[in-house]
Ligand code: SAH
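As a starting point, one isolated chain is supplied in structure tokens, in the form predicted alone.
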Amino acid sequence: MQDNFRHKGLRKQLVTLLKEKGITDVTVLAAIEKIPRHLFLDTAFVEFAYNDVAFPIGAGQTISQPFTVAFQTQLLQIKKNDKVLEIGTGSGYQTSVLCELGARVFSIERQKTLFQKTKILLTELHYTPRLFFGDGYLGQPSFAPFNKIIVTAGAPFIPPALTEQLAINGKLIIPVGEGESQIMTEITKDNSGKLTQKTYGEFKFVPLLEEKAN
């Protein structure tokens, strides 16, 4: 679990790059500067951990590029103690960013091998999200409603269960679309329960899969 001065220096460079790309939320930038992204990658990719690119993490999944993580998190506008549902725990990197911002995180992972591996890593890093093995399309109704919901895989449509589990004045950030790229979409729910949609351009994600895997 080594995190040395070189790693910290590379994170500072990454934060500078994210600022240049338009990330302005100082709390998001501080979280990314603090979290050792190299610990979330296979050893083969450690040397490239602070490049602004996605990497495979096994089970056909990837760790999103830092800009995408920062962009989605910035859109969420996390406040301390926000109840946040994350669809797609993956490596746990995005989960750690949410925890670092003071959110109460509930995260669902469909791939059993990733779920088990990530649970151990997050414990070692002293983050304490509630992790679940299951189908992200269904959300987590037992713990709803959620102030914020983030989906970290490309969805062919907006799952109705997620908008239902969104609290009044809540926000859902989800990449929507089939094919190689998706449209980053923001759904907000007003006082009357009305949903409003806004889009933020194209991003690339692995697909959000239905039904629980073995």
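In this text, all values refer to a predicted model and were calculated from it rather than measured experimentally. Counting begins at 1, following the sequence as shown.
Here the subject shifts to the form predicted in complex with this ligand, a form of this protein not shown in this document.
You can rule out all but one of 140 to 148, 108 to 116, 77 to 85, 123 to 131: in the model of the complex, only 108 to 116 has residues with a heavy atom within 4.5 Å of this ligand.
Residue contact check for Thr73: none of its heavy atoms lie within 4.5 Å of this ligand in the model of the complex. Of the heavy atoms in Gln61, some are within 4.5 Å of this ligand in the model of the complex.
In the model of the complex, this ligand lies farther than 4.5 Å from every heavy atom of Leu10.
In the model of the complex, this ligand stays beyond 4.5 Å of every heavy atom belonging to Leu17. Ile57 is the sole member of Ile57, Ala31, Leu166, Ala155 with a non-hydrogen atom lying within 4.5 angstroms of this ligand in the model of the complex. Along 90 to 110, residues Gly90, Ser91, Gly92, Tyr93, Gln94, Ile108, Glu109, Arg110 each place a heavy atom within 4.5 Å of this ligand in the model of the complex.
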